[in-house]
Ligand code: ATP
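A single chain, nothing else alongside it, follows as structure tokens in the form predicted alone.
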Amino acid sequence: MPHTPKKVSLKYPIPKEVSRVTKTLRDGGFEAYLVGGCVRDMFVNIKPKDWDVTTNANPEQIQKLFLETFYENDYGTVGVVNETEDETLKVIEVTPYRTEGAYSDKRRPDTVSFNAKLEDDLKRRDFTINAIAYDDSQGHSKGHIIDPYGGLSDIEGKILRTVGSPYDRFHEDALRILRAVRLATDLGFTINVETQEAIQKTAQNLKEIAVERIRDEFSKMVMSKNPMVGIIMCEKLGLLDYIAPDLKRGIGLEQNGAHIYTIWEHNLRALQHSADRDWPLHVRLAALFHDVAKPETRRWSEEKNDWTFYGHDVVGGRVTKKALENLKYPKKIVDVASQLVRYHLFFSDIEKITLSAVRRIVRNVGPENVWDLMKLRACDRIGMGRPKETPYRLRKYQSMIEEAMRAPVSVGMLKIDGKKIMDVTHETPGPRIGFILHALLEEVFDNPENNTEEFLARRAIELNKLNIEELKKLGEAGKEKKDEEEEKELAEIRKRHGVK
């Protein structure tokens, strides 16, 4: 297909290290164009994550032009290592124009040929918005585009469509089915009708795609600004069966009086709130799955005249773990997300909460994850249609978690106990052991990092050399300091959270 260059002005500047690569190729006697996602992103004023260049040079010719490159694939892509303005190293991918043979495994082409023209290279690409080449030889404000498939018009109209027949594109690489939804979600685009129909009719081809590739596209969708839209689109187009089918069971199922949304919509709104707050992947996954087990635990209570969901947190933790394992997420993400789901109902009545209960929660999810549990509670609340993320009850929870996690304020929070002290000092039970414990407590008030068994055991041996009166004096000082410090610290924590 012949092309007519069009002069355009990009909305995002091209970094110098990228322009150096295209200039080096042209100075070497070759053509060079920016292509693919980086061009698309520049037209929508998004900072490109990656920079791709296409050229009529073959891999060996590309490598000869640059000092530092690597070439470790069958598709001609050469990584050119370049230095940025802040002196960090960045890889620019340079790929020869190519044509591709059949995709017998619905993943990658059986053959690749580098005897191609720019038009051939653009023709093999997935979507029109990714099939635009940009010539930066005249500088950023004077560049030209080669756009044989109307990609720029689709960007302006916020439409996603394939290059040529969507059935051909999706049979070539079935992951494009899911990528279409992910891109539309990322960019806020609409998928055109023909492409939607092809997605629905070819969705079963996702069964032939490696789970890791599906997981990566799903994660990008979950980490987008509008994941709720993406998940709804996946369900509408029949893709959710191949990603997270457990979520579908909540569609249309009403909840009890505290909820104004169905289970399905509640989970999606919880996910969306986590995205609105820009929280990390494991929190977003936990928000999406937190009520996944409500359908199987849903029972009608004649006594309450309403639905109950007893045990959905426990069952949900197991379902989430299995679902994320099936998607082959890293063990750490699986463990943390499923634990957050398991304990998302950690409190119910602030008047009955005890610090010991809070400490058990901190122990169960881990101190490093307890604040993410609070984030999940906020997602749950907003997902119910509540107006505030941190009402008094949640602020009270936050206050009590801080109280439970602060430096030790009782001998029971020391990393040593009376039995261990008797073992290392060879003392028998008696007042000396209590005095030593309180003297140790005083020492860790100002230096919480000393609350280790090794330090406290060594210090206990030293303290045991003191006479009983000296020990008693140190122990009583420890008690007084404990009471004083505890009262000051609790007052400060509660003041900060606006609770009593």
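Note that residue numbering follows the sequence shown and begins at 1. The structure displayed is predicted, hence computed values, not measured ones.
The same protein also exists as the form predicted in complex with this ligand; that form is not shown, yet it is the one meant from here on.
Q: Taking this ligand as it sits in the model of the complex, is H282 near enough to touch it, meaning that at least one heavy atom pair lies within 4.5 angstroms?
A: Because no heavy atom of H282 falls inside 4.5 Å of this ligand in the model of the complex, the answer is no.
Q: With the cut-off set at 4.5 Å between non-hydrogen atoms, does N130 touch this ligand in the model of the complex?
A: Heavy-atom contact with this ligand at 4.5 Å: present for N130.
Q: Would you check, heavy atoms only and a 4.5 Å threshold, whether D313 touches this ligand in the model of the complex?
A: D313: no, not in contact with this ligand in the model of the complex.
Q: Is it the case that D173, even though its partner is missing from this view, gets within 4.5 Å of this ligand in the model of the complex, heavy atoms only?
A: Yes, contact at 4.5 Å.
Q: Would you confirm whether the three residues R40, D52 and D126 all fall within 4.5 Å of this ligand in the model of the complex, going by non-hydrogen atoms?
A: Every residue of the spot touches this ligand in the model of the complex.
Q: Which single stretch, out of 295-303, 247-255, 419-427, 177-185, brings residue heavy atoms within 4.5 Å of this ligand in the model of the complex?
A: Heavy-atom contact with the partner occurs in 177-185.
Q: If you check K220, K321, R381, R269 against this ligand in the model of the complex, which one has a heavy atom within 4.5 Å?
A: Looking at K220, K321, R381, R269 one by one, just K220 meets the 4.5 Å heavy-atom criterion.
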